[in-house]
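Okay, so here's just one chain, in structure tokens, the form predicted on its own.
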């Protein structure tokens, strides 16, 4: 039986600060139907796919921005997406800001199977940016003010005929992200991101944003023998230029599909999950070649090791 999963990366262009959820969901529906027309089993949307990237503004009270969070999923505004996906028998991954009943705030990713069932809710592990108002910046990056770190870490779930994992934005920059899922046999990692092209702490990195974006996902795919689907919300959103360049990366580390615009765009690839074994059972045969006995410095200190 074939284990080919046809996957779409559903890149989004900017979402305005005052754009209604219902209007954004209509854009998602267009991309979902486009994916169905192209025979997709799975459509991957980006991080915070329902709202503008609101951590670029400071509010004296976090609760003043509650309208950017989802308190239920699906909600009245997002249920049409769930219903249409189930009708089309297309799975999807949706990024959104989550406000839990007990008051926790997470940057979340919902994975939904082709039959409409929820596979998992992943919450962002590596929260970047800063925790307090820094008004001298050209724009804020207050993710650490608006979101908590995931208490769950990285999971891998049986879905779409294989082993599926997830990461969000800054998670993609850390090798541990891919390795933890790689050790669990992951075959497809879905990643959504909102990445500004200006990095205030070190603007010399600005020109390398696209290179770094692809570098980490390609190396993560290759070193762990997995497909990686990286999907952006790009373009100029509320005066901030954000990286696009959504990609689908093979277990070989090769890019097999890439977006060429900064707006709403669908990229598609047939992902043969059996191709993962080409790397998992040879060069990166973990059981045969890994040396965890000499890796203690990776997990023991949080910061730089003295050795």
Ligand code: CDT
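Positions refer to the first chain, counted from 1. All values reported here derive from a predicted model rather than from experimental measurement.
The form predicted in complex with this ligand exists for this protein as well; it is not shown, and the discussion that follows is about that form.
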Interface membership of residue 172, this ligand in the predicted complex, 4.5 Å heavy atom rule: yes
Touches this ligand in the predicted complex: residue 199 (any heavy atom, 4.5 Å): yes
Quick one: does residue 237 come within 4.5 Å of this ligand in the predicted complex, counting heavy atoms only? no
Within 4.5 Å, heavy atoms only: does residue 224 come near this ligand in the predicted complex? no
Listed range touching this ligand, judged in the predicted complex by heavy atoms within 4.5 Å, from 113-121, 86-94, 73-81, 139-147: 139-147
Tell me, which of 185, 129, 161, 155 has a heavy atom within 4.5 angstroms of this ligand in the predicted complex? 129
Applying a 4.5 angstroms cut-off on non-hydrogen atoms, the residues of 61-97 near this ligand in the predicted complex are none
